[in-house]
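Just the one chain here, laid out as structure tokens, in the form predicted on its own.
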């Protein structure tokens, strides 16, 4: 990265290209003494033995053949590669590279393969997940997560109008929002205003942006009003499972919950049940999404906005709960952003009552005992 930066400063164009397995790329950069400022992964190690990760030094065809005909040997080869992969990453971090795990089970499977990825306590990984250092404290703790909608008319003009409404609603929120969430709102206003130019839509006329509970309710309310007035066709709301509340995943979505409860699966189940009672059109509870079977529970929903006053009532009840259930869980773990967000939510809605844990100072306890 520094080499490329220096080249840009000198108005030169440098391209680093390397064909091969990602392990070989890490090793090549180390050999050439190319410093990497920031490194991560988005492996598919939630499915390591069936094509999610291919061994270094083997062709795609060879790997597929071994996977089918010699699955035990294939597993051995994958784990050998993981040890080599982790070793290459460690070489870079020893020189100052900041590395984080995306959360698709790289560190988890590397640890199971015997790679040197554990911290000195033998319990935690030596590298954080990006939810721990980035997404959690920046977005999830404040209730910001990937809010989705689909214009079921299939018309581009409907999607364009929803983009306009979403930007307008977020700009209104920005006027009175506390400073701690200004950057989140500003980023998403900039994103939604430029979304159409990026031409990311393929097939369904769908959009996604990061919004908190108040933002989701305000945007959804504007959509439902537009449907009622005949400006657009019906809209279906949803969200990603990689969100504030919908997923219990100790190695990704809930990895920044440090009160010991990140290994429980209650939040996603609560969301599914709570959303169903509060007006979701459908709900789903499933295992394995993005992290691996047995490692995660996901709870999802869909909500139809048909322009009715009933939809107005449902969207407020359901979206409020769907987000704040997760903020409450994060507040119980005493995450600073979540404590602030849940306090704000309770002031905005008197019916919401969340018990905040009172933790006694450790020094006081030591003196008492």
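Numbering follows the first chain given and starts at 1. These numbers were taken from a predicted model, which means no experiment stands behind them.
Separately, the form predicted together with a small molecule exists; it is not shown, and the next lines address it.
S.K.: Just one stretch in 276-284, 213-221, 171-179, 97-105 has heavy atoms within 4.5 Å of the small molecule in the model of the complex, so which one is it?
M.R.: After filtering at 4.5 Å, what remains is 97-105.
S.K.: Mark residue 302 yes when one of its heavy atoms lies within 4.5 Å of a heavy atom of the small molecule in the model of the complex, and no otherwise.
M.R.: No - in the model of the complex, heavy atoms of residue 302 and the small molecule never come within 4.5 Å of each other.
S.K.: Although the small molecule is absent from this view, report whether residue 44 comes within 4.5 Å of it in the model of the complex, heavy atoms only.
M.R.: Heavy-atom contact with the small molecule at 4.5 Å: present for residue 44.
S.K.: Taking any heavy atom pair closer than or equal to 4.5 Å as contact, tell me whether residue 22 reaches the small molecule in the model of the complex.
M.R.: Heavy-atom contact with the small molecule at 4.5 Å: present for residue 22.
S.K.: I'd like to check something about residue 146: if you look in the model of the complex, is any of its heavy atoms closer than or equal to 4.5 Å to a heavy atom of the small molecule?
M.R.: Heavy-atom contact with the small molecule at 4.5 Å: absent for residue 146.
S.K.: Of 54, 321, 332, 29, which one comes within 4.5 Å of the small molecule in the model of the complex, counting heavy atoms only?
M.R.: Of the candidates 54, 321, 332, 29, 54 is the one lying within 4.5 Å of the small molecule in the model of the complex.
S.K.: Answer with one of 77, 242, 205, 84: the residue that has a non-hydrogen atom within 4.5 Å of the small molecule in the model of the complex.
M.R.: By the 4.5 Å criterion, the partner-contacting residue is 242.
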